[in-house]
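Listed next as structure tokens is one chain, alone, in the form predicted on its own.
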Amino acid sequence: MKKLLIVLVFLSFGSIYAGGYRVALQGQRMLGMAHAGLSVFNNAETAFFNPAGIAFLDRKFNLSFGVSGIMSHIKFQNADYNWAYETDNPVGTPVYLYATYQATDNVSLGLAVYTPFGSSTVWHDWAGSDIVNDISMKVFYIQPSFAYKFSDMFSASASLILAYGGVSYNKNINRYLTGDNGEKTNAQLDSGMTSAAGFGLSMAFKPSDNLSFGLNYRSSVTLDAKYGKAEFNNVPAFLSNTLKTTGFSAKLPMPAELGVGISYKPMDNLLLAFDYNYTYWSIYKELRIDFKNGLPPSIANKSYQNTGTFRFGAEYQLNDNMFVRAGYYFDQSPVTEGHFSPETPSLDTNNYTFGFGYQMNKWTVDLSLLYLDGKERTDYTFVNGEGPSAHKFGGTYVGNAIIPGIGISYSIK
């Protein structure tokens, strides 16, 4: 009986990591325009959106930094069992820092520090506690770039990507098992910080002052957590010799991304931008967790699908100092049917963005607001693996988020 229980416990860790979902909050100026920045070359945010475009910046040095506040709300309901729960998520605060420098007439250098993937979800005393109680994942990229301007119309860039990240995760062993103190038996897993490397390639084409094109590719990066730690709390006495602290290893892939964009100024004070981003989520086929105490590995089928996102944005210049922005994009969930997990409830979303900028000589302040409206989704997934011992858990999920942000930019001629 003990052996069977332990096998079920570790098989249930098959969904420890949610795969990381894309956090598209890497620049307040471009966020006001639905993050459609692949062909807009106007400040240091270009170091993220299209490093080749930094060769077209008209100032020698550019600096941008900012932060967003993520306030999300998710509801879950299962009518069969009359379950209804809501998340209580902490406010997330992804940050970014960009800098560019024109070394010569043809050579420009860039540096981008940002958080492209991450999640934070908390469920309290709910029916899915044997899947997740809370999870927090943060991934940071550091991306230095080299851009070369071949002509007044064309430039290209190569980048190195250094990724750092970690995950903290808590779940109950099941909904009923308690320790001798009456508290639920739970597992706490921490991956520790781990690192990996990738690369980026981009091109920028500017045939006129009113028309620009951009292309950007970021490679996949796989974080390899070799020294994870699993601890068990409130363990009943009869399991004290088996539910002991142990190590684990697991790999978490960050998908590659390819984007193309076009921007056009039909008049001097109006800028229109369109981007298409394709994310290669299919790299996340399964999650394998190897434990260091002799137990068999846990292997969970994820079967993520590649996704595409269309982005439409506009900026209108009110006067010499003030700008207003707006945009829209539809974001498709990479989670296929039967694999939905409440760890990071990934829904198809309609996204509406607004922005305002005020320029004061060398300084610019940009404000943004993103409203994310998640489409209702009903899905069921197997918990504790698949087979005679597995059970289905699921229901209907719906959610939304309000994300304000502020950014500061500085530039020198």
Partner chain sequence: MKKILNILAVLLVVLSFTACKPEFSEPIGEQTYTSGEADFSNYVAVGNSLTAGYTNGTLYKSGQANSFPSILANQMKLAGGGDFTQPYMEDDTNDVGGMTLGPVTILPQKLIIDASQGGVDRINQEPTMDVSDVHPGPYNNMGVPGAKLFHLVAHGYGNIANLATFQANPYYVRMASAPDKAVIEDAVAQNPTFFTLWIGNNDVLSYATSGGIGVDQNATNNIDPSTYGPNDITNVNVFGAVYQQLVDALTANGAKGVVATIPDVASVPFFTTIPYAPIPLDDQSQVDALNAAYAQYNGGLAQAVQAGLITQDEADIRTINFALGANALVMEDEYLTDLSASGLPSIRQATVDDLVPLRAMSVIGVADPNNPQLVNGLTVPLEDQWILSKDEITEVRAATAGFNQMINGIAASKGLPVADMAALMEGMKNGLVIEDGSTYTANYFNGTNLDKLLFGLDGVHPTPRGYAIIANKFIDVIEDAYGAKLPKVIPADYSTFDILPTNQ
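Positions refer to the first chain, counted from 1. What you see is a predicted model, and the numbers here were worked out from it, not measured in a lab.
The discussion below concerns the form predicted together with its partner chain, not included here.
Colleague: Counting only non-hydrogen atoms and a 4.5 angstroms cut-off, does M153 reach its partner chain in the predicted bound form?
Modeller: No, M153 sits far enough from its partner chain in the predicted bound form that none of its heavy atoms falls within 4.5 Å.
Colleague: Taking the shortest heavy atom distance, is A197 within 4.5 Å of its partner chain in the predicted bound form?
Modeller: The answer is no: A197 has no heavy atom within 4.5 Å of its partner chain.
Colleague: Is L109 close enough to touch its partner chain in the predicted bound form, meaning at least one heavy atom pair within 4.5 Å?
Modeller: It does not: once its partner chain is placed as it appears in the predicted bound form, L109 has no heavy atom within 4.5 Å of it.
Colleague: Taking the shortest heavy atom distance, is D80 within 4.5 Å of its partner chain in the predicted bound form?
Modeller: Judged by the heavy-atom cut-off of 4.5 Å, D80 is in contact with its partner chain in the predicted bound form.
Colleague: Which one, 133 to 141, 320 to 328, 161 to 169, 283 to 291, holds residues whose non-hydrogen atoms are within 4.5 Å of its partner chain in the predicted bound form?
Modeller: Heavy-atom contact with the partner occurs in 320 to 328.
Colleague: Please pick, from K229, K226, K75, K265, the one residue with any non-hydrogen atom lying within 4.5 angstroms of its partner chain in the predicted bound form.
Modeller: Selected residue: K75.
Colleague: Select from 216 to 248 the residues with a non-hydrogen atom within 4.5 Å of its partner chain in the predicted bound form and write them out in sequence order.
Modeller: The stretch 216 to 248, when checked against its partner chain in the predicted bound form, contributes A237, F238 at the 4.5 Å heavy-atom cut-off.
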